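The chain below stands alone and is given as structure tokens, in the form predicted alone.
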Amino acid sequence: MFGKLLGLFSNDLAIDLGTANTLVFVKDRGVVCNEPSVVVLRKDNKKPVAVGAEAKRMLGKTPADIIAIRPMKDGVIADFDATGEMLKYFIAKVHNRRSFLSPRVIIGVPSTITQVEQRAVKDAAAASGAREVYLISEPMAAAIGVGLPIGEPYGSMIVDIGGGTTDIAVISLDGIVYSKAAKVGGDKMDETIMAYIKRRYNLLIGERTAENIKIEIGSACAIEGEEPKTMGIKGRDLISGIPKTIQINEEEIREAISEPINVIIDTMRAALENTPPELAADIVDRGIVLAGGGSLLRGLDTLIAKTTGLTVMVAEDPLTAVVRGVGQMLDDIHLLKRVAIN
């Protein structure tokens, strides 16, 4: 009862602390913030210069005295201080001191998070002004966010393809029966695109360019009835040292990102092989649901369906699936208690 009273006077928050993007959900307002997980700090005193979208615009363009950091790597905290600054910024931005009480914060984290990493996330949130901190496994949050019947005695399979990790879970009766994760996601695809362009064309491109290539012409398999796309990209010639522009096509990018995609599919196969038979039968009937930004890669659902022989669906608005699921728990404390990581 006391907790409910406190909730009336504070703006409780749900956060999807992602490797690529951080999303914030506020009770009664929905998703209010979706910004890149990037922090720009001064080298001498570690004071933040910019956070989020403004910081991402500075990636690869900073002078010697400031540094751009991605504080989350492979789904976990790589830089504790920078993560603390990032959380402070997002909490202050959406909470805005509208109430005199600190917020309760629920954070979605990868299913493979260790106890040390859990403590780091909780400490960072507490240092950023949170009253209470709860952690929720991201695949569980994604399953709630896309409307899967997690409390029923049926098996539901969710695949959350984020920036740093791919989380796969089979869920039944409010619990994760089996989960498996691979440290492969959208960022790894960007890296393989950069390496491919460097190897094939002796052209050096940055992270933002690689990400744009993936979004514009990236695909997991050929789409029937569609002409292959092409794109002009700019970078620095490694031989002459002079900036230049080249044309690349969809088939080349498909070849470049084939390795991380194969890792994702192999991880899914391993998860299916270890799923109890009764739940596996439910998955045959109900199919697999894809969430996370990586699921937006064109043709990925088609390729997985061909490989596994199962029905594959991409969730509606997959980018916000985790934060919407975490956000639902702001109103349902009983569900929160059942599914929170102890």
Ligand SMILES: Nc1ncnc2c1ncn2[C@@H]1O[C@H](COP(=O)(O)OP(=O)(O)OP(=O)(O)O)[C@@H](O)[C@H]1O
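Keep in mind it's a predicted model, so treat the numbers as computed, not measured. Residue numbers run from 1 along the displayed sequence.
A second form of this protein, the form predicted together with the named molecule, is not displayed here; the remarks below concern that form.
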property: Candidate site 19, 161 and 165: all three near the named molecule in the model of the complex by heavy atom within 4.5 Å; result: yes
property: Contact segment among 274-282, 24-32, 288-296, 40-48, judged by heavy atoms lying within 4.5 Å of the named molecule in the model of the complex; result: 288-296
property: Non-hydrogen atom contact residue 214 with the named molecule in the model of the complex at 4.5 angstroms; result: yes
property: 4.5 Å heavy atom contact, residue 187 to the named molecule in the model of the complex; result: yes
property: Interface membership of residue 319, the named molecule in the model of the complex, 4.5 Å heavy atom rule; result: yes
property: Any non-hydrogen atom of residue 75 within 4.5 angstroms of the named molecule in the model of the complex; result: yes
property: Stretch 123-145: residues contacting the named molecule in the model of the complex, 4.5 Å heavy atom cut-off; result: 138
